[in-house]
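Included below are structure tokens for two forms of one protein chain, each presented in isolation as structure 1 and structure 2.
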Structure 1
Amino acid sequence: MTVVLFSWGEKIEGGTAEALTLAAGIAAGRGTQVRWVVTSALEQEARALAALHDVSRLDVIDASPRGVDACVTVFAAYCRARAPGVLLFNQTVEGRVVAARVAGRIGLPVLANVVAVSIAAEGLRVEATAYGGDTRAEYLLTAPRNVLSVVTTSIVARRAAEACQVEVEHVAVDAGATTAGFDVVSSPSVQAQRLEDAEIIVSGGRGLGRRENFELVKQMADALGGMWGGSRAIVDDGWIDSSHQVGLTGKITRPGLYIAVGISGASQHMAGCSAAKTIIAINKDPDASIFRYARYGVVGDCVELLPELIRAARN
């Protein structure tokens, strides 16, 4: 039974190389092969990435489904025809939805928030975050076929020593029935680069006191050549839009440097930034949870401190 990873859209999502590494590990442990299933617009990009990650089989679906509904129909049709054993999805915002719905369509169990998979005698041993990111749960999956939605931030992508030959198969699916059930009429404005790929992120929280003070976070990010984000509390309060939210229900980031300003360090926020190499926190409460994760901490009023730090960063 093969291990498959599904990708779609106009561009390969961040985290795909990590998901391919996981797929290759599962396949090796089960003595089977990986097939990477992509929709047609991704073919060229996928060929190159597959070769680098030792994935020698690429199934290109001859369709360019637009939107979640259409992707679900196309992938479910693929699975009915090919019956893969382990179905992996990179857990982006869309990926989480597509995984669950494909599983529903083909009658397989699905597990989301997966962070690690290993092989056990009885099946697959899977670790996933649970209770909104507060804890990790371990599952033993004994069913022969499963759908896993994978959070890739804790996986390190492994490149093959030499690029491999990739065999491409074009797969026809019945795309006639893949009309989208809804259409996107407007999208929130997004920064040119993806927050998930940023090397430096400055994030603000409710400790900034009021919306106007968030400008300081933007200026600090600008001074450091990084990007800015925020906690859900300030998204809910309407200070910034949800495309900038870091956390379990926002963006999962893994920058080199994450500066958390006026953020308490709730587990759901940390789910989106704890993979950062270095976290610096500014909080006026010395007992704030964020200091448990931070390599460097400053206890103080962020609204007073930020202008000084911005000046220093600009110099």
Structure 2
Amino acid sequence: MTVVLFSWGEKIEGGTAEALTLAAGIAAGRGTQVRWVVTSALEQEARALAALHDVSRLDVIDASPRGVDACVTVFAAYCRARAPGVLLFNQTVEGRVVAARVAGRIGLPVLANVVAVSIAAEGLRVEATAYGGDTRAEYLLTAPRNVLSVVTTSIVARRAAEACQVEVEHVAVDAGATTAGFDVVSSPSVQAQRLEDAEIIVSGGRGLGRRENFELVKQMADALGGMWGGSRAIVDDGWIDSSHQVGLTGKITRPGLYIAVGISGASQHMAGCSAAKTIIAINKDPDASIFRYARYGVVGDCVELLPELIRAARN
């Protein structure tokens, strides 16, 4: 059975090249082919990217679904018609939801937080992050068809030696009527650069004391040429919006440098940054969990220390 990767939206998400690399590896191991399934708005962009990653089959769904409900309806209809064997979703915030709901709609098992897949005699051997990212769990999937939501930050994209010819097939699906389960009344702003792709991240937490002090985190990130983020605690408190949240329910990052300012180091937050090459922690509590993960730690009041560090970085 074929391996398919689903993509939708107005532009191709970051991490898609890595997901295509994983899909190609699974297909090669099973002696089958990869089909990249995209919605009509992505056809031209997807055609060029597919050629670079040796994906010769592109299925273009003649629809432009908007929102989770519409995507689930359209992709479930495609799966009923084509019955792919392995269904891959790039694990964005929306992608994780769509993957689970498509699996439920067509009655297939689903596994999220996938970081690696290999072929076993009995089926697929899959690694996924577990326990808030503190460890990895290994699963043996013996079902003939599975849905996988893939965290691509740990996958290295591989390009073909030369571009391949891409065969494009336009697919009409009978999705029926879509009824929204909820209405979106507001949504976070989306920045040009993804937090997941940043090489330097400065994140703040409740240890900053109050919302106004978070400006120091932004200034520090700017001085270092990086991006800023935060813990779920300050998202819940309304200091920042969820598009900058690092953690299990936010962004899973893999920067070269991660500076945690006033963050305790709960496992849910560390799931989003523990893959950083270097973690620096600033916290006035010497027993804070964050120091177990940090290569360098400073025990002190971050509100007092940050202005000095900003000046040093700018100089």
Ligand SMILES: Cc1cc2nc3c(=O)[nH]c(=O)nc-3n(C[C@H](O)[C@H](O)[C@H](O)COP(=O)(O)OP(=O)(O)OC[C@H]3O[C@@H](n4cnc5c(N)ncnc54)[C@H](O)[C@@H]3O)c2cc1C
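Just so we're on the same page, residue numbers count up from 1 along structure 1's sequence. Superpose the two forms; the largest set of C-alphas matching within 1.5 Å is the rigid core. Note that the structure is predicted; figures quoted are calculated from it, not measured.
S.K.: Looking at both, which one would you say is the form predicted together with the ligand?
M.R.: The form predicted together with the ligand is shown as structure 1.
S.K.: Examine residue 300 after superposing the rigid core and state whether its CA is displaced by 2 Å or more between structure 1 and structure 2.
M.R.: Yes, the C-alpha moves 2 Å or more.
S.K.: Superposed on the rigid core, does the Cα of residue 39 end up 2 angstroms or more away between structure 1 and structure 2?
M.R.: Moves: no, less than 2 Å.
S.K.: Would you tell me if residue 71 moves between structure 1 and structure 2 by 2 Å or more at its C-alpha, with the rigid core held superposed?
M.R.: Residue 71: C-alpha displaced by less than 2 Å between structure 1 and structure 2.
S.K.: If you line up the core, how far does the Cα of residue 290 move between structure 1 and structure 2, in Å?
M.R.: Value for residue 290 between structure 1 and structure 2: 4.6 Å of C-alpha shift.
S.K.: For residue 208, what C-alpha shift in Å is seen between structure 1 and structure 2 once the core is overlaid?
M.R.: Superposing on the rigid core gives a C-alpha shift of 3.1 Å for residue 208.
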